[in-house]
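Below sits a lone chain in C-alpha cells, taken as the form predicted on its own.
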C-alpha cells in the first residue's frame, strides 16, 4: 500500500478517515485493493485504534468492505449508488438554479465565473484534481447563491461513489465539454432565465448517464451493479 503522499500525518480517526476517503475517491486506492490497519498505522506513526475507527467509517461510507478472515478491501464502485446520487443532485440543483436565476446575486455569479476560469487553467495543465475541486466549488456556490449552503453538505455526503466515477470520467472524457456546460448554466443565471438555467443544469447532470456505461465497460473490475 503506497502511503508516500502523506505530507502532514493524520493523527485522529476523523483525519485518517478523511485522508483515506479522499484517496479512494481520487483512485489512489483502487477498487479491490487490500488495506491494512497495521501498515497504515506504522506508516503514519500512530496507534492502530484511530486507523481501525477510520476503516469502520470508510466501510459505512460504502467505500470499503471487511471480509472475514481475509481483511479490509476497497469496495467496487456501485453503479446503483452513483445513479441514485445523480438523480438526487439533478432534482435539487435544478431547483437551486431556478432560485439563483431569479435573484442573480452578483458576487456569487462573479465567483462562479472565476471558477470557470480556474477550470480552463486546470484543463490546460492536465490537473484533474484541481479541475474537480473547482467543479465542486462551482456547484457549491450555486447552493450559496440560493441561500441553501447546508444543502451542499447534504449532497456531498450522498456522492461518495459518484465522486469516484468523476475522477475516472474527467480523465477519460473531454473536460472542455464540462466547462462549456458550466458556462451555459452561468449565462442563464446571469440572464435571469430560470427555465434555461434549470434546463442547462439538468443536461449537465444527465451527462453522467452517458458516461457511466462507457466507463464501466472499459473497467469492469472496478464496478458492481
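Please read all numbers here as calculations on a predicted model, not as lab measurements. Positions refer to the first chain, counted from 1.
Although not depicted, the form predicted together with the DNA is the subject of the following passage.
- Shown alone, this chain has one stretch from 27-35, 189-197, 156-164, 174-182 that lies within 4.5 Å of the DNA in the model of the complex by heavy atoms: 27-35.
- Within 4.5 Å of some heavy atom of the DNA in the model of the complex lies at least one heavy atom of residue 13.
- The DNA in the model of the complex comes within 4.5 Å of no heavy atom belonging to residue 75.
- Although the partner is absent here, residue 168 is not a contact residue: none of its heavy atoms lies within 4.5 angstroms of the DNA in the model of the complex.
- Taking the partner from elsewhere, residue 60 is found to have every heavy atom lying beyond 4.5 Å of the DNA in the model of the complex.
- If you take 67-90 and check each residue for a heavy atom within 4.5 Å of the DNA in the model of the complex, you get 67, 68, 69, 70, 71, 72, in sequence order.
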